[in-house]
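For reference, the chain that follows is the form predicted alone, supplied as structure tokens.
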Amino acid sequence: MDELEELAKVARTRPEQLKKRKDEGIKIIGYVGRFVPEELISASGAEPCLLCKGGQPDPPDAVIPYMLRFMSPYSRSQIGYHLLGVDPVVPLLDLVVVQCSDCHESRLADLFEYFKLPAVRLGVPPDWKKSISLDYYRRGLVRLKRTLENVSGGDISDERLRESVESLDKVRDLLSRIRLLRKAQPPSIGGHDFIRLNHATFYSDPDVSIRKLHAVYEELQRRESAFSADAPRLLLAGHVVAVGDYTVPKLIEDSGGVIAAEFLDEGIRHCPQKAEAGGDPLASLAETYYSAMTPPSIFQPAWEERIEHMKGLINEYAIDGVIWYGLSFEEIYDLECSVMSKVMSQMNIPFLKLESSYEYSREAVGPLTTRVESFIESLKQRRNRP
């Protein structure tokens, strides 16, 4: 898809763009996690940059002297690329904002500080239904706002914050419209490209993203699907598909399936819930980011609501089977996978669990390919039964 590749190309030039902005005196703010509002960073006049890399075994291994091996390879990767000297962005950062919703992210924040990278933590309470938890998170945003103003030297006025909210809401709205096109059989865009499209918007100026997403949407409405009409429709669920971690999504669709929907907590924009531009914009951001979105797995008690959300996706997108993509040592998601597997069995929805430590050598990909191909073939046979 031409427009997608053009937007991806813009995203790949992000390090060079950030270097130029840094030379112009603009502050560069990195952030980790879905609970850090990109709008707040942009409204300060700084350049936001999401840290969301993964898919390679060497970066998480580089962190082992400082972080237990039995911690998420995704969290370890966010500083591992820097320790290997191959991350062009982290050395430019004037501040790193890390959400602290579990021990993996909290340890990551510790390491940023240990390596003399200015870091600030944003606390995310897991008891998400309690009003005191929302208030705690909102007060955290107030403190973050002050920190961003001190670092950038700019005032985050309500007007500037509303403008930033409105701009990113347009990006979310367009992604939501593109997502809805995937209800078609076969869809004009699969999960591999849709995830990459989400990633590209994290590293492109919102105005550029809006223009390109408009073009992508128009192109998708005209184009014929690259997938066969009988391709099994998959839901890809789990914690995160990081930037660069495309082996599994591509393998699924190269094996004859199509990812028609995702249920991921990180690495993708959560489009249906948008920050309201009216009223107190900071309070609106807190409500939108903390309370209004589908809760992540680490929120408790959230599994029942997450199961209902997953059931809704299965029905809405006519899903034939679910593939759970888990990362090693993410214990909460591993527990949820067991719950989801049981629920899918009760619904008579085929379920496949895949686990990765970002080891995609030829020896590792061979058995992985066999499992995915066998699962998709079983879905095809299931469809054709009288």
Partner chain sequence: MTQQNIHEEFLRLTGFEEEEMGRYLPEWRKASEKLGLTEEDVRFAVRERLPEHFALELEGIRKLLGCFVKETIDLTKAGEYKSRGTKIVYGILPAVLHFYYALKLTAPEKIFVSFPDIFITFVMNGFFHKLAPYLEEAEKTGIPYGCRHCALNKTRYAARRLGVIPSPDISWIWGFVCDEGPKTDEFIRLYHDPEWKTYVTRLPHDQPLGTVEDEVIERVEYLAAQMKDGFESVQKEIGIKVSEETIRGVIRIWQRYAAKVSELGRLMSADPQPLGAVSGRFFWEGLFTPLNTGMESMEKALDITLEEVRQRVRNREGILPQGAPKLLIYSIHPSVPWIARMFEENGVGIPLSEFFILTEKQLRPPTFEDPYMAAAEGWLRSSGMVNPGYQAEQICEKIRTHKFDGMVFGLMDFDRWLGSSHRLLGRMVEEKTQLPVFYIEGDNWEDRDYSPEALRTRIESICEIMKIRKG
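Everything quoted here is computed from the prediction, not taken from an experiment. Residue numbers count along the first chain shown, from 1.
Beyond what is shown, the protein has a form predicted together with its partner chain; the following relates to that form.
Contact with its partner chain in the model of the complex, defined as a heavy atom within 4.5 Å, is made by none of Lys27, Ser164 and Asn198.
Among Asp110, Asp94, Glu316, Glu219, the residue placing a heavy atom within 4.5 Å of its partner chain in the model of the complex is Asp110.
Among the residues Arg233, His82, His239, His104, the one placing a heavy atom within 4.5 Å of its partner chain in the model of the complex is His104.
For Gly154, no non-hydrogen atom is located within 4.5 Å of its partner chain in the model of the complex, even though that partner is not displayed. The closest non-hydrogen atom of Ser133 lies within 4.5 Å of its partner chain in the model of the complex.
In the model of the complex, Phe351 stays away from its partner chain, with no heavy atom inside 4.5 Å. Using a 4.5 angstroms threshold between heavy atoms, Glu359 stays clear of its partner chain in the model of the complex.
In plain terms, the part of the chain that comes close to its partner chain in the model of the complex, with a heavy atom within 4.5 Å, is 111-119 out of 83-91, 183-191, 111-119, 241-249. Residues Phe329, Glu330, Glu331, Ile332, Asp334, Leu335, Ser338, Val339, Lys342 of 322-346 are found to place at least one heavy atom within 4.5 Å of its partner chain in the model of the complex.
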